[in-house]
Structures are given as C-alpha cells and as structure tokens.
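The chain below stands alone and is given as structure tokens, in the form predicted on its own.
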C-alpha cells in the first residue's frame, strides 16, 4: 500500500472544503467495509483519505418536521437497535439484518451502502419503497433528491465532485405504513442478493392505495415496478391479485445471467418474492 495523507474533519463544511481542495485525489472513509478492501488491492493510492466518521450529525437517528431522519454515518447495527426505526420503519431493520456479518454491520454505514451503489445493495429497496429522500452537501450548499434519482447506474450516483451524502429522510406520510422486505441469496448469511424485493402498502376504505414495489439486483440500479403498482392501486387485495402483480413485476425487471444464477431463475424469485412482500405488507397495513 502506498503512503497517503489522512484527515478527520469534525464538520460537514470542513469535509466539503477538503474534498474541493484535493479534487479526485481525495477519498471518503466512513465505516471502511468496502473502501479499505479496495485500498489494499488498488495499484493507485489516494492523495488524501477523508475520515468522516467523527462528524456528529452523520450519526443521528431522529424525528424531524420532514420525517424520520437517518444520518449517513449510522451503522446497520444502530439501525437494528433503533426504537424509532422499529416503530416507524421496521422493514429497514429486516434489510439491515441481511447485510454481511456482525462485524460488517457494526462498522458499515447506511450512507456507505447507498453510495457504493451496487445493483444488489440491500438497503435500497426498502428506502425506495418508502419514498426516501437524500440530502447532499457540496461547495454550492445542500440539495435534496429522491433516492431513486440518486441512483444513476452501477456504482454511480448523482454525487458531483466535492459532494457527500449527509442524511436520508423517510417522509412522515410514509411512516408506519405496511412495508416488507425479502432477500434471496445462495446462503442464509454473508451473501450477495440474487434478488431483493420490498413493498409498501397503504389502505383506504379496504382498497390498496399508493402501493410501491422496489426490486434490487435485477437491473442496473434498484427499480420500482410501476406497472405492477398501477395494477394494484384502487383494488381490493386478494391472493389472485397479488399473483398477477408479481407476474407483472417480473416483466419490468432486466436480470442477467451470471455465475450465481440465471436470468430465468431470478425472474422466478421476483415472482415469489413480490407476492410474499405484498402479502406481508398488507398484514402490517391492516394491523
């Protein structure tokens, strides 16, 4: 490993200034579960590593006027232990539990998982099913966008040079609704997702309303199954309806063949997973 400089700013403004001053030679470090591995095997060392783990606002989980705010530096273990998340968005805890091993969840951060932006990331589908927004800080100030817009392509986000992700907010209107998550892998733990699926449901006069279905590992980024959502909205829930919606969700995905699974098998997993999360989300909405 080649030598590099290291700095640990205490505020967002300090971090942004360092990133702006050093340009492409600066790399961010939060939990380090991805980047430290890359650093050990990369032939090109950064000019400076900017450790943002000491920025206090990144480690908060709190209720705000906008909704449930989760700092980008919150770890997966902290998500699993949070009473606020358990009350308002328990499906996030289901997703966090599937990420890596205990050591990975203790160090890895929600923001790092999102910024890595691999198609199979486990935190993305639930947050997209809950219409989460992200806040980005940079030299020009702060800006917000939906998480769906934040994901641009495999390992590519909407972050511009010298920008960093500061927090994730689940809108108040989405809190407490029925939501469920399922991950399918080749083993029970420490596995990349072959497919992951999340759904959130609202009920109005016993009819489905504002249904959201998010699919991971079956397209370049996490996607919503819009046609399946439209099929469900305004209808009374039933097993046959959920089967039809799951079939339609599979038509909206673009899975690949690789050494872990075939595209056809992934389509079968979408059908099974989408039906299961819809049924579970309905049970939670009714409760």
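Numbering follows the first chain given and starts at 1. Given the structure is predicted, the values throughout are model-derived calculations rather than measurements.
In what follows, reference is made to the form predicted together with a small molecule, a form of this protein that is not presented.
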* With the partner left out of view, is residue 31 within 4.5 angstroms of the small molecule in the predicted bound form by any non-hydrogen atom? -> yes
* Report yes if any heavy atom of residue 174 sits within 4.5 Å of a heavy atom of the small molecule in the predicted bound form; otherwise report no. => no
* Asked: Would residue 76 show up as a contact with the small molecule in the predicted bound form if we use heavy atoms at 4.5 Å?
  -> yes
* Should residue 98 be classed as touching the small molecule in the predicted bound form when contacts are defined as heavy atoms within 4.5 Å? -> yes
* To do: Specify the contacting stretch among 141-149, 209-217, 159-167, 79-87, defined as having any heavy atom within 4.5 Å of the small molecule in the predicted bound form.
  => 159-167
* **Interface residue in the predicted bound form among 54, 260, 60, 27, criterion: non-hydrogen atom within 4.5 angstroms of the small molecule** => 27
